[in-house]
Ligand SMILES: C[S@@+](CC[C@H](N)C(=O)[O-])C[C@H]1O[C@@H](n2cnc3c(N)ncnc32)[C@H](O)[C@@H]1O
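Shown next as structure tokens: one chain only, the form predicted on its own.
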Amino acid sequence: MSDRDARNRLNDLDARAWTYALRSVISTAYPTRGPGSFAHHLRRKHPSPKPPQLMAELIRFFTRRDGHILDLFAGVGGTLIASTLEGRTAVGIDLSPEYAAIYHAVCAELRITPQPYLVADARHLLDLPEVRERPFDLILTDPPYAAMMARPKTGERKKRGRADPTPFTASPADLGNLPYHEFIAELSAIIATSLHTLRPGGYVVLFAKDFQPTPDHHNMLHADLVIALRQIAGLEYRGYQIWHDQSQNLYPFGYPYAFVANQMHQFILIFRWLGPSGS
């Protein structure tokens, strides 16, 4: 942009677009049918597909036009699709060959060139030549939130032909099948490893959705993740944004006995990698 500050090396935004991107709540109501849905009828086979439009907004802020992005849990490719639309390169990793196939089907329908999608375990990302090729500017990912998808959702009807509960995959290696605290430890280890592929000054942006509280624990996953990831030397927590997903339906959780919140939002946790020296 012609009025972009020459000192801005993070992105291609002018001051007005930069300011708008800093809002604490991102409220969206993206279409789920037609061209504007980005083949949602295919992507919906994933239990929690992230809208490419939302990922594109994050990509525009945290990278420049030639940016290089890593998605550690690519799912059906919301980050990869957005990277293509925004003129960036990206690499996605996921355990599921089914989700990889869906991503390629989406690309065929949208008539876009697929980004590299590696069916692999993110625990071993440094073994992947495509990941080691050149440093990434941004790690943008939506991890499976422990065993959240496998938990019964009292009051919610079965929908979209899927049984309830529904895990992301049946793989024992899937973080989405791990107990809460084990999930946090495994994800923290993966993030720590991934920093070897991120340029100093680059960002780690990940989604988190809280669990319902129990008598034993508050289950504010976003808070526990921040506490855990702040232990990684050189990784600086910079704050969060809240994604309000207006497409979510309301269900009578707890009715007629007790308060149980409908969670219409997820946290977008933002960290900056200062490098191994932490400066």
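A residue's number is simply how far along the shown sequence it sits, counting from 1. Remember, it's a predicted structure, so these values are computed and weren't measured experimentally.
Separately, the form predicted together with this ligand exists; it is not shown, and the next lines address it.
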item: One residue of 122, 146, 106, 82 in contact with this ligand, assessed in the predicted bound form (non-hydrogen atom, 4.5 angstroms); value: 122
item: Of 90, 175, 191, 205, the one that lies within 4.5 Å of this ligand in the predicted bound form (heavy atoms); value: 175
item: Answer range among 126 to 134, 197 to 205, 91 to 99, 108 to 116 for contact with this ligand, defined in the predicted bound form as heavy atoms within 4.5 Å; value: 91 to 99
item: 4.5 Å heavy atom contact, residue 48 to this ligand in the predicted bound form; value: yes
item: is_contact(residue 139, this ligand) in the predicted bound form, heavy atom dist at most 4.5 Å; value: no
item: Residue 187, heavy atom within 4.5 angstroms of this ligand in the predicted bound form; value: no
item: Within 53 to 82, the residues that have a heavy atom no more than 4.5 Å from this ligand in the predicted bound form; value: 72, 73, 74, 75, 76, 77, 78
